[in-house]
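Before any questions on binding or motion, here is one chain by itself as structure tokens, the form predicted on its own.
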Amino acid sequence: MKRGNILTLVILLGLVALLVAVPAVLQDRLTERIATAMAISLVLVVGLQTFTGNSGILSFAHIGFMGVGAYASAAITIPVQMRGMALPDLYEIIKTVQVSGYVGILIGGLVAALIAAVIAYPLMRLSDAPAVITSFALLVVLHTIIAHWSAVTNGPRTLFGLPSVTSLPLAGGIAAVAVVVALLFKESRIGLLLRASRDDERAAGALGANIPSLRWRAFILSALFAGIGGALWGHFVTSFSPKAFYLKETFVILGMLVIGGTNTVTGAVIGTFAVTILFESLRALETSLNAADIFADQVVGLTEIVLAMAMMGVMFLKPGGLFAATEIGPLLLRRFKKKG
């Protein structure tokens, strides 16, 4: 690995370590919960970057695979004694199967990756707008199945009873693994060929790159992290409904990636930090305004509106995001070299 990439890895892992350490120092429960949610978002956003950043195709289906991971883990980790209430119509073959939450998180990721492997290959032949539209259609399909497959998901109703196993060190550790894998994938032969196809599809194809196969592999890896992130989130909140895996969450995760910079792992990490801090600050402001009764009506939707405006502003000023093309390590080395 080149010096610049090693420096990038050190800086990004340092940020993840800081994310885990600060709540431990502050001993504040709310800060710990926000940091845990941010670490889970890191897994999701970095996972999305492995496909979107290297292929150049914006994927809306990512949150659908997050839902697959969450429900797959729930079906095998909810205590058997509670399944009569939480999942009364669960199939007999898995009714008595119970594994620990940690195993469930891993299986949730593997199930999401398996489903992506089975259904996504034909879609990988598409590029540009058709590819984006089909990924959105895939999100709709996944959401509809999740919302109506009552035997496994409890349908549109809230599913409860997941064991609470997601801690900040666990989420931070998996986020660190996601960052390492994303950087290694980016510098691997598959990553290099995939980025070549992103920049010039015809030239990459003429050089012998099997573009659908390259995209397919990146998509499976991306779905694996989405599934793990979803299962982590499920075991963090312990109860959820299909609404949690649709348009609002898609908008937030895409916003983190787009604002940070789609093409770099640094952008995915910085975007997650920036949007989470902005989001939580606005949420606190909204709560304070409503508590103070400053306006005649309740303030609603401030976070979403400001996030959308921030996204538009960043796209206008820096169309590629805060870290558009170069990771932070090579960027810093280049600046030090100029000063030297």
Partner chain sequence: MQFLLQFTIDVLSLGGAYALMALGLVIVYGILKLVNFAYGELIMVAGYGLFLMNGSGLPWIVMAAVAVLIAIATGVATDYIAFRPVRAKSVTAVLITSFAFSTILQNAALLFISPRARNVPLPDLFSQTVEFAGILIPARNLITIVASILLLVLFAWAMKRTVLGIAMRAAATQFRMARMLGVPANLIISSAFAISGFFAGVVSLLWIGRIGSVTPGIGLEPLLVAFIATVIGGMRSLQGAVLGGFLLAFVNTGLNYTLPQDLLQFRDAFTFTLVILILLWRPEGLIRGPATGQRT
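Because the structure is a prediction, the values reported are computed rather than measured. Positions refer to the first chain, counted from 1.
Same protein, other form: the form predicted in complex with its partner chain, not shown, and the subject of what follows.
Counting any heavy atom within 4.5 Å as contact, can you tell me which stretch out of 103 to 111, 122 to 130, 266 to 274, 200 to 208 lines its partner chain in the predicted bound form?
Partner-contacting stretch among the options: 122 to 130.
My question is simply whether Thr158 lines the interface with its partner chain in the predicted bound form - judged by any non-hydrogen atom within 4.5 Å.
No, Thr158 is distant from the partner.
Is Ile305 close enough to its partner chain in the predicted bound form to count, meaning some heavy atom within 4.5 Å?
Taking the distances in the predicted bound form, the answer for Ile305 is yes, it comes within 4.5 Å of its partner chain.
Is there a heavy atom of Val80 lying 4.5 Å or less from a heavy atom of its partner chain in the predicted bound form?
Heavy-atom contact with its partner chain at 4.5 Å: absent for Val80.
So in the predicted bound form, does Phe136 come within 4.5 Å of its partner chain, heavy atom to heavy atom?
Yes.
Quick one: in the predicted bound form, does every one of Thr144, His148 and Val300 get a heavy atom within 4.5 Å of its partner chain?
Yes, because Thr144, His148 and Val300 each have a heavy atom that approaches its partner chain to within 4.5 Å in the predicted bound form.
Candidate from Leu247, Val177, Met85, Val99 lying within 4.5 Å of its partner chain in the predicted bound form - any heavy atom:
After the contact test, the surviving option is Leu247.
Counting any non-hydrogen atom inside 4.5 Å, which residue from Leu192, Leu184, Val140, Ala117 sits next to its partner chain in the predicted bound form?
Going through each option in turn, the one that passes is Val140.
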